[in-house]
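Only one chain is given next, in structure tokens, and it is the form predicted on its own.
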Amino acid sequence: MQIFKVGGAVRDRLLGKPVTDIDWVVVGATTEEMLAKGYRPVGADFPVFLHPKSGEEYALARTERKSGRGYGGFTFHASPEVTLEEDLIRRDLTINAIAEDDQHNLTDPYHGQRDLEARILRHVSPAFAEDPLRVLRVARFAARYAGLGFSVAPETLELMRQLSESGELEALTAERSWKEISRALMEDQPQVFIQVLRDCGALKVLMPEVDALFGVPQPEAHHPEIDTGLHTLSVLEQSALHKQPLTVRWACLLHDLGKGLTPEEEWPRHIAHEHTGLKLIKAVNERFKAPKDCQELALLVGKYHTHGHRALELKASTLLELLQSFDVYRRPQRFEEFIAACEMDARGRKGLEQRSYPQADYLRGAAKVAREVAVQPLLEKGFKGPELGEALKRERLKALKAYKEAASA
């Protein structure tokens, strides 16, 4: 029995990056031997075991063969005869197909170290094209390592293109897709993930609503970058630079989908794109079964982001409606995330990345003023039920009018 450290742990150590998860492969062992040593079996599909003390995953060396569509369409064969090289060749990228023994000796049959030095993401073998999930994984790695100068090898991008055109991407489950998308959006350069998906034709299969934004012009006065797709990438880039949470990044990706529906004869204006985009945002949310908080914020940002930009001009009554829509009294964090998404949208424009966004503090102040209107005096006056709600609304409107006057004085 031989045990090797494999995959990301080896790759990241060689890159000088922190190692978080460690995967191990066991060569020359049987299931019975692993159980006898106290390893606990997990997973029904192939033999993976948890170490009796560390809890880390140890997998028996295995080969795999395509047997159906999609990510799960494989049959696996694990036996003591499977070699380390045979196990490594089924992996996605050469940089993930390096093994390390307990003496730090490396086994690198597919030249992963060479590709690490050249900053290339390259597939290990033609079998890469059998697994559609790898399109998303490679795009995610491109987003993670773009800052180090990594790019996708042209021949790998071609295989990703073939996969995108094969219909295999449609076989991916919403859960598997969302897992990769959400992880990619939280990388340092999530815009690279979207760009790579577009480069290989996967974006128009997975998110045609986002793909449709490229080539759609916007007024140059507000959008020096002009192209709506490029603007979306910039907004996503800003959201990562400002360390925004997943909810905000997802909303940033989807906020302008309505512009993809504007008839060409109306370009570069996009009247009411906030409302036309809602059905598209809802469709993307449902396609990937995004978590409820991501779905809700994306819809609210899509509908109200132009309100955010015009916050200083809004009538007090419109401002109150905006606050009510977000339920700022019970869910203040959601409104804070809306403000963040609006600010990322304002900064995601060529040459305007450092612009100030006074609307943010103005909206925070408005929410504070509305929240501070006390209910007790109204109860003491005998208001209850629907009448109490209306009285509270009137008092909040009065407070917002005073706030607006003070802010413009």
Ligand code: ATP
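Computed from a predicted structure; not experimentally measured. Residue positions are given as counts along the sequence shown, with the first one as 1.
Keep in mind that the form predicted together with the named molecule is missing from the display, and what follows is about it.
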Three residues, H305, Q359 and R364; all within 4.5 Å of the named molecule in the predicted bound form via heavy atoms? no
Using a 4.5 Å heavy atom cut-off, which of 109-117, 128-136, 249-257, 210-218 contacts the named molecule in the predicted bound form? 128-136
Close approach of R334 to the named molecule in the predicted bound form, 4.5 Å, heavy atom: no
E387 versus the named molecule, in the predicted bound form: is there a non-hydrogen atom within 4.5 Å? no
Distance check, F193 to the named molecule in the predicted bound form, heavy atom within 4.5 Å: no
Classify F141 as contacting or not contacting the named molecule in the predicted bound form by the rule of any non-hydrogen atom within 4.5 angstroms, answering yes or no. yes
The named molecule isn't shown here, but in the predicted bound form which of R90, R122, H273, H231 has a heavy atom within 4.5 Å of it? R90
Which residues in 13-31 have a heavy atom within 4.5 Å of the named molecule in the predicted bound form? D21, D23
